[in-house]
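First, one chain by itself in structure tokens, the form predicted alone.
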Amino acid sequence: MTQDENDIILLAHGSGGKLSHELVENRFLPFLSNPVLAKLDDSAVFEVGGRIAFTTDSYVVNPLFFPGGDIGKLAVCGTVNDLSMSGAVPLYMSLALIIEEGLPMKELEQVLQSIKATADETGTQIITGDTKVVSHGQADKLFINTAGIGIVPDDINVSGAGARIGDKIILSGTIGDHGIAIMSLREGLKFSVPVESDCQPLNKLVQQMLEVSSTIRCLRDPTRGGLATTLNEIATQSQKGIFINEAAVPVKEAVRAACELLGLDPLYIANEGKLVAVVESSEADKILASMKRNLCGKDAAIIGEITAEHAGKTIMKTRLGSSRMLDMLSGDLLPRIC
């Protein structure tokens, strides 16, 4: 085998034979090994107690590396954040990779290093996984699938259906950062102030919020479809109306300028490190103050409330003072975004 072949993924790495085992032992385990995973059994065996949250997702972002993150960080953050939106404490993850023949080993190791660093940051262990290699041209470098398991405390009951009239809506920070960072890289756009993805884990922010209030009704991370789609999902689940104030929604000036240039609406742009919380009105200020003490919530703001009017719909007061109904995203604004 030539030196060049040692530096790239080959179809034989997915054969289940010697090269497959070498890939796991020499590339995966140095980054990801822990007592459960190191057994390399067909199933991970571990002990948990209490209510369980379980989620799964797949990541196909293009490009693999972008300002503020990469597909590895995105996969861990996305899984951890989905668990956190149910009030769960993330514990364990699976990691399955579909790798295209020809992917440089250096890029694979960069992704694995990012996965390791993000998992360590969140306190989550990757305890089982799988690898498949497909022929060149049958994938786009690397796809990742994950599943996550967490424990939900007994006194926590978080759901979109739980929103009540008069509840306040809190957004944890600026919107549109991830989508614009990806688009600017794809299209070669340069802005005077660079835009970075907001890709970050939110589990510690959520736990901080739950420490000051156990009456949080709903938590959602507005990823694909953006803030507007997430608000509509909550309105539909709860069969309540949602009213927000456009002027209260934080948007970075660079993102706003990029959206104006490209004819996009930041309300529909994907995010990867923000959350929407529906909270009891009397608890809103206390929860907001707690969020602002966390780096992930430093730009948090109360953006609206749950109403009896327009059940199942989201209405926004615009900066001009008029009212606008926000629909869910129709179509695919930015494909291959996460």
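When you see a residue number, it is the position in the sequence shown, counting from 1. The shown structure was predicted, so the numbers you read here are calculated from the model rather than taken from an experiment.
This next part talks about the form predicted together with a further copy of the same chain, which is not shown.
Considering a further copy of the same chain in the model of the complex, the lone stretch of 108 to 116, 77 to 85, 169 to 177, 203 to 211 in range is 77 to 85 [heavy atom distance within 4.5 Å]. Annotated contacts: Ala44, Val152 and Gly225 all touch a further copy of the same chain in the model of the complex [non-hydrogen atom within 4.5 angstroms]. Looking at Thr55, you'd find a heavy atom of it within 4.5 angstroms of a further copy of the same chain in the model of the complex. Of the heavy atoms in Asp7, none are within 4.5 Å of a further copy of the same chain in the model of the complex. Remark: Leu95 counts among the residues lining a further copy of the same chain in the model of the complex, judged by a heavy atom distance of 4.5 Å or less. a further copy of the same chain in the model of the complex comes within 4.5 Å of no heavy atom belonging to Ile302. In sequence order, Glu233, Gln237 are the residues of 232 to 264 having a heavy atom within 4.5 Å of a further copy of the same chain in the model of the complex; the partner itself is omitted from this view.
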